[in-house]
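Shown here is one chain on its own, the form predicted on its own, set out as structure tokens.
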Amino acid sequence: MPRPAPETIAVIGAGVSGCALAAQMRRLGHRGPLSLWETGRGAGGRAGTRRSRQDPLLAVDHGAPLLNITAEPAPELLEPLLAGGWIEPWSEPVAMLEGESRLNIGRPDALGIGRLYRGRAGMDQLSQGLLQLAGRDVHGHFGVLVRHLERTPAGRWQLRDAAGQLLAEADWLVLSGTLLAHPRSRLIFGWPEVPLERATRHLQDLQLAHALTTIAGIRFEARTNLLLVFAGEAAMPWRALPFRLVNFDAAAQQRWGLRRISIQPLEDGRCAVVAHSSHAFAADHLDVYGVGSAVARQLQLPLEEGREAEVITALGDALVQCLAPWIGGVDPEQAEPRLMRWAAAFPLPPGLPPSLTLCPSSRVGFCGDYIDGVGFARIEGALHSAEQLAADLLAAAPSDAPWRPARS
């Protein structure tokens, strides 16, 4: 009698947790088909790096500037990432802007506590390293928006695009982000229903229903990030600053509408500067996607360049004014300003309990920084949640499943 085909796993989202899940599944011995589906042009998500084919020396970490490990045991994937040279320790000076303009050099925020690391030559190398650990047989599908989910009578998951065309089928579905399971998709994109909720309404899976209810209650902080690349003399004052990361306390956030500034000197003398907005500022401008938004482009959402210009000007003015005593007068318009927006950049507690991250009856799993536990809302949590889900997925497989690794 022929052996059944290995069961397939489709992971939606190729951010840190999605890539970490693929890596850990392979490290634990899983050899079944595994695919990653990502709206963006490459892996990384909010720990990504903006690059240019025409400008090979340009690399701007437009989201997370680093990762920190605050507890032991550290994620299991940390050591192979370090050994492979994908990440490296980070020891650059940090500062805290307090109130109007009081700069406290050496004072970190929550992101600067513990052991600090960054991607070598860009934060996207973290996810690239995870994909290397996962191996070549993990199939990545980038620039693809999974818009609809369907559950077949045979219990398989169908992934469909915005037009309803079938993209793939899989036995297990993993969401490494919450877009397809959270009501914000209706608010931001005008979708009539939450995709996963619609697809599972008839299943009567109480555990999954509990998970979806919990996810629906998770609130997120938004971020609108301004990316600037200064060249020539305009880059010199930025490169000369005695810190590489500026955090803003609550009073400074209220005053300037900024949460963090990341200063990133480039190899050719230029300097990239990324201004992270406060949540309040981003929440007031959720309708401004930025011309580079992959989701907005694929959903054919209207892009208002006038509104985008207003946001760029507001963030640029705040950036220059709050650091004026240290950088003097600079013109952000000369630095090729670009905008990035995340409607759900940081989850707020409580997150999804680990007991609800795997729903075997419906064959649905969840991982990401929105899972409650160590490292919640940070990369540390994304790694831990992926590692735990990988172990749980393998444990949930029947003992004779062909895709489950043999036990010694």
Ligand SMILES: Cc1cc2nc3c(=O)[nH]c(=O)nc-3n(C[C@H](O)[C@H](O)[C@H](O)COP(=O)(O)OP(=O)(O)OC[C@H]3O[C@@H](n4cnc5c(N)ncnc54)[C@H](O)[C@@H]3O)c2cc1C
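In case it trips you up, residue 1 is the first one in the sequence shown, and so on. Everything quoted here is computed from the prediction, not taken from an experiment.
From this point on, the text means the form predicted together with the named molecule, which you will not see here.
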| item | value |
| --- | --- |
| Stretch in contact, per heavy atom within 4.5 angstroms of the named molecule in the predicted complex, of 323 to 331, 207 to 215, 75 to 83, 143 to 151 | 143 to 151 |
| Close approach of A252 to the named molecule in the predicted complex, 4.5 Å, heavy atom | no |
| Contact label in the predicted complex: P65 to the named molecule, heavy atom within 4.5 Å | yes |
| Heavy atom of R26 within 4.5 Å of the named molecule in the predicted complex | no |
| 4.5 angstroms heavy atom contact with the named molecule in the predicted complex for C359 | no |
| Interface residue in the predicted complex among C271, I87, L111, A95, criterion: non-hydrogen atom within 4.5 angstroms of the named molecule | L111 |
| Option touching the named molecule, based on a heavy atom within 4.5 Å in the predicted complex, out of L180, A335, L258, V311 | L180 |
| Within 198 to 226, the residues that have a heavy atom no more than 4.5 Å from the named molecule in the predicted complex | R223, N225 |
